[in-house]
Each structure stands twice: as structure tokens, then as C-alpha cells.
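One chain is shown next in C-alpha cells, namely the form predicted alone.
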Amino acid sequence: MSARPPLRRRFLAGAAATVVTCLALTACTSNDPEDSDDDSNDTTAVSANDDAGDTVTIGFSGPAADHGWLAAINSSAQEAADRYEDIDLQFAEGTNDVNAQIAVVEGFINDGVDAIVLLPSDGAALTEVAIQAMDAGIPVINVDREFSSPFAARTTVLGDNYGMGVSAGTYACGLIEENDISDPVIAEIAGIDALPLTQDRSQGFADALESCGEEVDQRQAAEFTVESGEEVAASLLQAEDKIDIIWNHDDDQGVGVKAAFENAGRDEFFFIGGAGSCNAMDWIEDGSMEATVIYPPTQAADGIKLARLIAQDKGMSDLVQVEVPKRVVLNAPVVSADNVDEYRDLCFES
């Protein structure tokens, strides 16, 4: 990647981020007794909660899978449900049409499902129908994009957007110190600026850089697409003759960002990504990318598992509390050459 050797160190990221509860990011363990001697790579510990219970019907609705991360969200939800013989999953076709998704949730309510797992296309717009489900006695598990009312969900499962920025910024500070970079030029390629998640990521990045006396010198926003990533990265490279560190918020978008680097013949900087795509893992392994910050594509799978527990009146076996928590925020670890093998199975295709 760069004229500088890639950093080779263990980085325990996310300590500065707010983590309410950190769920394991590995796949869900089957509750089928026949699988107990399976030699699969599944590393999740089996608990009494994994034993088959009363069958529960769970409705799942998410946005259209027009982005690699969203496709992974949807597939992980299905895979999680498939591992439990006591889950009857009603999987709605993904849609970015708010009214269509509202109609899906209304259908779940009319069908009397036992729980709903919902990654809303628009959190505020889906709040009212989620409240209707809750009022009907159907627990709603809100994933990734929050509703605008605390009464709309029994449990909310979130990635840590602010923590992503903190992890990326803290890692950047480490690069500056370990490589003795004086007056570093730091660039940021954000996602859609109007989204709170983008604002949170940028704020976390800025706050972490401030802790080591640095700041972003050049920031441009893209649109979470390959095309916009390439266009914005090309503009960024034209604006700065020399850059030391670039953080790109999104690895799907990063395909275009990386193409712009190659087209310009520029590789003097440390390149940090975000989300954890398989492309990013490949680039880390071949040395053309320094690191990426995980934004778990397993959130919906975690939502399915929690919906099952809630519908069966169970708590989380690893907690003393007898009920599933109200809010779960997943960690935002940094993946580098030191630990890429640990996270490879969680990557998603862009």
C-alpha cells in the first residue's frame, strides 16, 4: 500500500466507545441436538436457552438489499432463524418504500405474530406502526435505525456509529505516534451527511483525533455507493498533494474509493475503512489497506435471537438479570493484519 510499512500490532479498539452490552458476533448455535457433535466452525457457547422451546412466530422486515451490508443483514437474520427449530420466521421482502414497510408490519400485527424484528427504512416513519404492534402485545426488536419513541420497541440492537469514529480516530492517533508523523494530513471520506449515523461517525473520529492533538484536514461526503466513493476520492486526491491518513466510513463505498487511489497512482497514506467487507479483509491481507472498523452485519441475527428469547419469556443466560436488556449496543473493533483471521468469517460481499 504505502511506502511506510503496514502497522503490525494488536489494537483493542472500542474501549472508549459506549457499549451497553456486547453480544458475540459469531453465528448462532443450533438448538438441534443432532448438531451437538458437529465439527463446524461455530464458536458460540451452547446454553440452556438454546434448547428447543415453544415454537414462536417472528416477523422480520428490513430495507431492500441494495448495499452489501444490508444484504448481509438480511441473510444473517434468515440464517439465525434457520438454526432454531422453534422459530417460524415470516420473512418480508425488503423494501425502501416506507408505506410498503408499514403495510408489512400491519400484516404482522393482523397475523398475530409473537415478535417483530424490524430494521426500518426510516426509523421515524416506522415509529407509529411499531407502537401499534407494541400496544397489541407484540414485542418489537428495533435494529440499527432507531425509532423516535421509546415506546416503539421492547429492545433495540444497534451498531456503535460514534464508537466507529472513536475506534478509527484512536487507531489513526496510534499510527501517527508509532510512525513519528509530524504535522499529519488527515482526510475523511464520509457517507451521506444528512444521516445521523454519518454525523455520529464523524464526531467520534474528530473527538478521538482531538485526544492526540490532531484534526481532520480534508473532509468530503459520498453517498455509500461505489460511484460516489470513486468520485469523492478523486476530488480529495486532487485537493491534497500529500495525505498521511484517510478514513473512509464505508467499505462498500470503499470499492470506488480504492479505484480512485489506483487510478491516481497514490498510495502514500494509511487507508482505514469502515464496516468490514470481504474486500476490506482482502486488502488488509495484501497490504493495500491498513485496517477497517467493524460495523456488525449480524445485528438482525442478534435481533432474531433476542426476539426468540423475549417471546419465550427467557432472559440472557450469561446475565444475572432475568430479562433481555432494553438496549444492546455492539462493539466497533478495529481489524488489522494482526487479527484479520479472527473476523474473516464475519465479512460481507460488497
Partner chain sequence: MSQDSARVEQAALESDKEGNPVLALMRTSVGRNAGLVVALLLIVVVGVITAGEQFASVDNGLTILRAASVIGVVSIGMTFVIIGGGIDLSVGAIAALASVWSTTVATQTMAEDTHWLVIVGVAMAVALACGLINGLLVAYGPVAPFIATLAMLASARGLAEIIANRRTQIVRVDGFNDFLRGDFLGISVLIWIFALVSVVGWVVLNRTTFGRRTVAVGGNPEAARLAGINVKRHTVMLYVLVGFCCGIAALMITARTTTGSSTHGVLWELDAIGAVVIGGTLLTGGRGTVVGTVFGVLIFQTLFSVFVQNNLSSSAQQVARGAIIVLAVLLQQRLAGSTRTSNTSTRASAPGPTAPPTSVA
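Since we're looking at a predicted model, the values are computed, not measured. Numbering follows the first chain given and starts at 1.
One more form of this protein exists, namely the form predicted in complex with the partner chain; it is left out here, but the text below deals with it.
A.B. asks: Ok, C278, V216, I181, A125: which has a heavy atom sitting within 4.5 Å of the partner chain in the predicted bound form?
C.D. replies: Selected option: A125.
A.B. asks: Quick one: of E210, D111, D241, E262, which gets a non-hydrogen atom within 4.5 angstroms of the partner chain in the predicted bound form?
C.D. replies: Exactly one listed residue reaches within 4.5 Å, namely D111.
A.B. asks: Decide if the three candidate residues Q312, D318 and V322 all line the partner chain in the predicted bound form, where lining means a heavy atom within 4.5 Å.
C.D. replies: Contact check failed for every one of Q312, D318 and V322.
A.B. asks: Flag A136 as yes or no: does it have a non-hydrogen atom within 4.5 angstroms of any non-hydrogen atom of the partner chain in the predicted bound form?
C.D. replies: So A136 does not count as contacting the partner chain.
A.B. asks: Do E177 and the partner chain come within 4.5 Å of each other in the predicted bound form, heavy atoms counted?
C.D. replies: Close contact is absent here: in the predicted bound form, E177 is far from the partner chain, nothing within 4.5 Å, heavy atoms only.
A.B. asks: Using a 4.5 angstroms cut-off on non-hydrogen atoms, would A206 count as touching the partner chain in the predicted bound form?
C.D. replies: Heavy-atom contact with the partner chain at 4.5 Å: absent for A206.
A.B. asks: A92: heavy atom within 4.5 Å of the partner chain in the predicted bound form?
C.D. replies: Because a heavy atom of A92 falls inside 4.5 Å of the partner chain in the predicted bound form, the answer is yes.
A.B. asks: If contact means any heavy atom within 4.5 Å, which of 93-101, 266-274, 242-250, 167-175 contacts the partner chain in the predicted bound form?
C.D. replies: Only one stretch passes the 4.5 Å heavy-atom test: 93-101.
A.B. asks: Taking the partner chain in the predicted bound form, which residues of 199-224 have any heavy atom within 4.5 Å of it?
C.D. replies: Counting only heavy atoms within 4.5 Å of the partner chain in the predicted bound form, the contacting residues of 199-224 are Q199, A221, E223.
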